[in-house]
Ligand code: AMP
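The chain below stands alone, shown as structure tokens; this is the form predicted on its own.
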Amino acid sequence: MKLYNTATRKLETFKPLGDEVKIYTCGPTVYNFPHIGNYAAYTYWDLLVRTLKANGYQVKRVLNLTDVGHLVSDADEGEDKLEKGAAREGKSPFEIADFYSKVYLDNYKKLELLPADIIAKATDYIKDDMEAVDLMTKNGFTYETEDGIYYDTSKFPGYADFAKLDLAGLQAGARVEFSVEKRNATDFAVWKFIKPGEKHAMRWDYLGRPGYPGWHLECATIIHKELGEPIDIHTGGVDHIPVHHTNEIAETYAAYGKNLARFWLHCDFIMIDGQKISKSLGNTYTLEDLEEKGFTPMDYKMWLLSGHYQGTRNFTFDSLAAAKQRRLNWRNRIALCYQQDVVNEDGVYDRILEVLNENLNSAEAFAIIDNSVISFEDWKKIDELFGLRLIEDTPNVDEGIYKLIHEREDARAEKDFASSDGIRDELLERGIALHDTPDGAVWEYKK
């Protein structure tokens, strides 16, 4: 199996270090309703897990839920997103986190995403965060300012390597007025202090002062406790590369003296009608919005997987409608398997898995499916590989439907076309369309 490793900028052969593949997925910040772009990464990494399992690997995956410490700016300034959500809705940050965590996880189920082995809430690892800061300080990587404990990036020789950062350029153009005590433009808070009078409901005492962990720290400590370094694969979005993932790597080196991950996989953004997803543009569609327009979460998942995780995808409702039709076509081919003994092309499933093993090329895998004769047994394997709920949503028709089909056949044989047309229309209302062939009527789903 080959994967594009962001750390080396190369397509590399992947094999786990141990008996199981250890994967960490950067999860959501649970402070608001998620839009459809938020689910792209989780859909792609679900395909990664399914492909690894199809290759016979055991997988242990951790997904975090950020319920504290993620400020509106990645540069350690602004309001905590959970506090912002709490103010917006007149609830506590803990109530906000609980509510939107449930929204996310409910939608994971709608998208048929495999559950992570461990769902890690950031607030469950505060003690681990403090211990990590203690270690970084002991090892000489931090300094204290009025507003927090900061990581001195000049102490980590490889800080710029992962994201290929231009440190000299960043330093020259630094905007440090929000924290004049920062030594370097790239330094970041591993722990933030709460100033006297500052409203912040989520707080823990550390070094005799109330505060909370920096956003990047939670991932480093969760990985250390739940998986151990180095993990096999760390996943996330391309926006995580220059700051969040770079800082995770630095923290792990400073606290534990280890490399964080062997492979890094990053997906690109979802655009909508050629524009960035933005509330001001009114294009922040949710899964519920799609359902109101007649599309299912499986239609959206079909659209996502029809492209490559490294490509910038442009979502339109026309492209979503095409994905819905494609999925319906596949379901109707499964329906044909129920009615006829479809003989499989030799090696079709192996060819599908082979292209997925080339950096998760689901687009090419879909093309193979479109152009191959597939048996019911291989459709079951395909359904498990992509999690598109093809079999579940394409049940064999019940005896009542078959009875109506046979009654229509009899009416046509007797040239009772009024009855024949009436039965056809009744079946169509129930979502079943009939096509007359020399061997009799064949049914398909129309919705």
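All values reported here derive from a predicted model rather than from experimental measurement. Numbering starts at 1 and follows the sequence shown.
Absent from the display: the form predicted in complex with the ligand. The rest refers to it.
Mapping the unseen interface onto this chain, Asp239 counts among the residues with a heavy atom inside 4.5 Å of the ligand in the predicted bound form. With a 4.5 Å cutoff on heavy atoms, Val243 does not count as touching the ligand in the predicted bound form; it lies far away. Contact annotation for Lys381: none of its heavy atoms lies within 4.5 Å of the ligand in the predicted bound form. Residue contact check for Lys53: none of its heavy atoms lie within 4.5 Å of the ligand in the predicted bound form. The putative spot formed by Tyr31, Ala40 and Ile270 is fully lined by the ligand in the predicted bound form; each residue has a non-hydrogen atom within 4.5 angstroms of it. In terms of contact with the ligand in the predicted bound form, the residue from Lys324, Lys182, Lys81, His216 that brings a heavy atom within 4.5 Å is Lys81. Between the ligand and the residues Arg412, Lys60, His35, Arg389, the one pair within 4.5 Å by heavy atoms in the predicted bound form involves His35.
With the partner omitted here, the stretch from 355-363, 231-239, 86-94, 246-254 that lies within 4.5 Å of the ligand by heavy atoms in the predicted bound form is 231-239.
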